[in-house]
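A lone chain, given as structure tokens: the form predicted alone.
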């Protein structure tokens, strides 16, 4: 019999090599329980959490917790069906209405995860006759949506409007639709996209533009509508996709738009059609967290202050970070062994961050990826900076 896992021999070799030299498996860290939004118990001790994407700290929202408990008690814990069968409750429609109003759009579709939102939106919008233009550093869910769609894929250089326009110009005689996909904040590096420039380009070339605001929803803009709001180009974005699992602290995803074809998307988006819908208590918690976010704009101000504090502190410690100040602050290292040792030392000294390794990183160099929260105190941020500095000195960095 052929070994069905033989195709993964290279992965096995890399994985075994990594775990053989590390005192713990970086991909199997267990947070035994959260103490607060910013502190969790890992390996039996309190640890500062700088790798959770819980940007506004709303996973611990009292309002969201109470809404989830009340809804579970009155409506049960699941829908047992997809959105096109028995899985659309009144709460699902209510959340879609509220999100459409929040983004000032006509329509909204709610998906069961953020991953499925990208998969389902992209695969419903384009097919084999169309062209997708993707930022080279796009999230895996965007690339997977492209595969599912069957569309021709053209990559343009990361955050490079000139390269995008050059590639679009070559498609002037292509008969199919052209969809540009970019992210507001890029999840690995924290880089911010020039969406306003992409809007100008798509308008000149008759293309559509989809923005994945997963890491900028609730984080940027006066009202929390993301990078497009900050850059004043919301009306030029055709489709906005995002997730509830970052700023709102729950789970699920969405697509909002002013295009009237959403009713057709609901009938041809396989990730929307063929999965169970979100449980009612998650919908209720999400709506409560959205209300919390809207009622407390000071959380965004605190988050930006905290991001600037961590970014400046890590740079002062002599570590290499990206140029953009955002809630994602990544420290770039040179080798995997160096990164694994550094990550272990951070955890042993009470700071948890994400270890990101090639090929998942943009330039094939390992990253120590930090995500900042509004819930972090200045003292917690300073402690994390101090630990980073101590570990860097220990390794001669």
Partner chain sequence: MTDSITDISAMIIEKLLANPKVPRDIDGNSKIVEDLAFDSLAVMNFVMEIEDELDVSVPLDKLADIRTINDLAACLLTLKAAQA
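Residue numbers count along the first chain shown, from 1. Model, not experiment: these values are computed from the prediction.
Although it is not shown, the form predicted together with its partner chain is what the next lines describe.
Of the stretches 34 to 42, 51 to 59, 324 to 332, 356 to 364, only 356 to 364 has residues with a heavy atom within 4.5 Å of its partner chain in the model of the complex.
Exactly one listed residue, out of 166, 94, 320, 104, brings a non-hydrogen atom to within 4.5 Å of its partner chain in the model of the complex: 166. For the candidate set 75, 153, 273, 207, a heavy atom within 4.5 Å of its partner chain in the model of the complex is found for exactly one residue, namely 153.
At the 4.5 Å threshold, heavy atoms of residue 143 reach its partner chain in the model of the complex. Interface residue remark: residue 259 is not counted as part of the site for its partner chain in the model of the complex, having no heavy atom within 4.5 Å.
The closest non-hydrogen atom of residue 316 lies beyond 4.5 Å of its partner chain in the model of the complex.
In the model of the complex, residue 136 approaches its partner chain with a heavy atom inside 4.5 Å.
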